[in-house]
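Take a look at this one chain, the form predicted alone, written out in structure tokens.
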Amino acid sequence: MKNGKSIWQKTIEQKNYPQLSSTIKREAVVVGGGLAGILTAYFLQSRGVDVAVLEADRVGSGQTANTTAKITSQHGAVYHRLIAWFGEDGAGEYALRNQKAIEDYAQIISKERIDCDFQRLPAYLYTKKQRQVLKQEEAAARSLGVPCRFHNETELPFEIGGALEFENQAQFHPLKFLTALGEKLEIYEKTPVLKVEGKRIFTPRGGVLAGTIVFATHYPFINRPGYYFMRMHQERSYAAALENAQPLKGMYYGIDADFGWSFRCAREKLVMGGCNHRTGMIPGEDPYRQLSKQAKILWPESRISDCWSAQDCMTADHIPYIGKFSHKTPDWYVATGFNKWGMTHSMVSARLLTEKILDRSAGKKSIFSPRRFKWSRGTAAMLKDGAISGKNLFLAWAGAAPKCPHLGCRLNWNPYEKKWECQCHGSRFDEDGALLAGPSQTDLLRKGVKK
């Protein structure tokens, strides 16, 4: 089974935008044409800001094209942990902004009359083994004002230990939404940003002088200041669209490590996702084969019509970094580390960044602040990431494996997707060394290396 385009890419014809070929001046520039970047530009423009978007490839060609496209404030068993780590104020902000994101999507879709298969429906967390975890999560979510209900059974074709229902969540076709919104903005495609110096942005054929710069590039490609490469890693996940499978009335996400499958319907197909692993840490079995085997067990008459993969930035404490890029760069802002919940967090980012840029709320304390730090289990995760980076830097220095142009870590060959992957920070390259995903900005120095 071979990785291909997502069902979102196959069911829409996207508009082409010009490449930047001159030097321009704008009040604000958004670097990155995914959902977070387009929404941020949309809100800034709606407030009267002269804004342009720079996209290295095609609009929506990154994670937005490969998502399962759930819009939900239910992000795994998260609220019990957030209360313990950040108190009810921090956890309450997380809940409120993600709940509001669902309504923001509904309002924009209605206002702009966007046909994007938007549906309101419940989202369920389910478990086979961790019933008490879901009970704790129910109590935590309710204490923050998030409506939810516990169930002993669901429509899923297997027995569960429990399920937690979050009402009135949503799903949609992300590229239909993005395409409609993008038509209202000034966008430049095939315009990679080579470097940024203060308010000046440099691209291959032109440049921009900008008062405000927003980095919405999935993973920030600028290492210093900010040091985001020390505070995140990236993970792969896989999805398949099934024909002749059971139509579901809700969206589902499993919290068990050995049975954490995700499900949602997309018109006549069922999207199934899972098989998560750290980028560059190659699993022992083909993830696509695992998806196929499990699909046949659950729905014996089903058939896979499409399969694809995604990549997500994971922060140490499972909360995105949204706000000022660094205290050294007062006019730079960032949105990154969406932890597999990019559709909702994209809207949260756009709203929060617009507030900070235009309403001067930069000093207001937020759980999403990139400058936050808690001595918690997040510290252990950061130390683990550092140890993995150190090991791979040493192996790259000591061995003959190809090195990532980003910071010199060893690259590993993923035989299931036929790609080179960096376990340190998640850059990916095709078999000939061409760059596919950052934070690296350049191709491999060595082409055609031996697999």
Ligand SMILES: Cc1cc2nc3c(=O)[nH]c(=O)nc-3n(C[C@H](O)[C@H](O)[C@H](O)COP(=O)(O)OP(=O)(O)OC[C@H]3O[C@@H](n4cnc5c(N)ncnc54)[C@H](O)[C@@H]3O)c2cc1C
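Everything numeric here is computed off the predicted structure, so don't read it as measured data. We number the residues from 1 along the sequence you see.
Same protein, other form: the form predicted in complex with this ligand, not shown, and the subject of what follows.
In the predicted complex, Ala69 approaches this ligand with a heavy atom inside 4.5 Å.
Not displayed here, this ligand is approached by Ala36 to within 4.5 Å at the level of heavy atoms in the predicted complex.
With a 4.5 Å cutoff on heavy atoms, Gln63 counts as touching this ligand in the predicted complex. Mapping the unseen interface onto this chain, Ala41 falls outside it, with no heavy atom inside 4.5 Å of this ligand in the predicted complex. Remark: none of the three candidate residues (Arg224, Thr279 and Ser427) comes within 4.5 Å of this ligand in the predicted complex, counting heavy atoms only. Between this ligand and the residues Gly206, Pro283, Pro192, Gly260, the one pair within 4.5 Å by heavy atoms in the predicted complex involves Pro192. Just one listed stretch, out of 240-248, 338-346, 83-91, 318-326, contacts this ligand in the predicted complex at the 4.5 Å heavy atom level, and that stretch is 338-346. In sequence order, Ala310, Gln311, Asp312 are the residues of 298-332 having a heavy atom within 4.5 Å of this ligand in the predicted complex; the partner itself is omitted from this view.
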